[in-house]
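Take a look at this single chain in structure tokens; it is the form predicted on its own.
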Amino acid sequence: MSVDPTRVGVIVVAAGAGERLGHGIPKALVQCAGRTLLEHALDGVFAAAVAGHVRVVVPAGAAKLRSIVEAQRQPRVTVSAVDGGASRPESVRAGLDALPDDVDIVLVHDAARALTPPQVFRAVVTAVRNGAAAVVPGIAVSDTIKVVEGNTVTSTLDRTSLRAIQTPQGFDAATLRAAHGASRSDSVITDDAMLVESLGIPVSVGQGDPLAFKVTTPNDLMLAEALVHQARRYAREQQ
């Protein structure tokens, strides 16, 4: 089933403070191999070529991030910056409100997952277009996961049924709007799939990608920079 990009919107959440990275600036502004994490993230969004509308949610007053967004020029794609809120759900709602009313598929993506490959975006959009109300990409968990209370292990989870969930997460637009319209405490919400789950709507899991890891710590940033440099070397060798 074909996908009309004019009916697809992407909300890129770039409102994080990035405290654990320790750069003293919004995480999306942190440099990775000479370009900001936000620019890398937008590269993936645009390369996927699935959306006609991109809304980037930035911290209020973040002039540098706004200038990066406003500098984006893509054929047949509207791109704009939106001020975020005090919590992630509030920021996503701000992006959702900024999308055209006739958008019927919405992807929510974290700018911190800056190296997410284009094929992940395409797979998520296709799954929603084929009938899923909500789709999240995930990868198998390789570590042993234990439940701990205080300093004591209370149980060990069966990792064969666990998935580390990534973004972009894709939704039927009406479903996502309904989920964000329901009353709940934003403090316990860590992703948009949780909102949909709370309505009793099934969330499908598709195949994620190791490159869609979240840049949170200095070690994550070092890995991202190494991967970008490796990709550039490979591209030069193919020329």
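The first residue of the sequence shown is number 1, and the count goes up from there. Remember, predicted model here, so these are calculated numbers, not experimental data.
The same protein also exists as the form predicted together with ligand CTP; that form is not shown, yet it is the one meant from here on.
Trainee: Identify, from the list L99, V128, A112, V136, the residue with a heavy atom within 4.5 Å of ligand CTP in the model of the complex.
Mentor: It is A112 that has a heavy atom within 4.5 Å of the partner.
Trainee: Please determine, with the chain shown alone, which of 84 to 92, 120 to 128, 71 to 79, 144 to 152 has non-hydrogen atoms within 4.5 Å of ligand CTP in the model of the complex.
Mentor: Result of the contact check: 84 to 92.
Trainee: Although ligand CTP is absent from this view, report whether A15 comes within 4.5 Å of it in the model of the complex, heavy atoms only.
Mentor: So A15 counts as contacting ligand CTP.
Trainee: Verify the contact flag for K64: yes if a non-hydrogen atom of it lies within 4.5 Å of a non-hydrogen atom of ligand CTP in the model of the complex, no if not.
Mentor: It does not: once ligand CTP is placed as it appears in the model of the complex, K64 has no heavy atom within 4.5 Å of it.
Trainee: So, R20 and ligand CTP: in the model of the complex, are they within 4.5 Å at any heavy atom pair?
Mentor: R20: yes, in contact with ligand CTP in the model of the complex.
Trainee: Report whether the minimum heavy atom distance between K214 and ligand CTP in the model of the complex is within 4.5 Å.
Mentor: K214 belongs to the contact set for ligand CTP.
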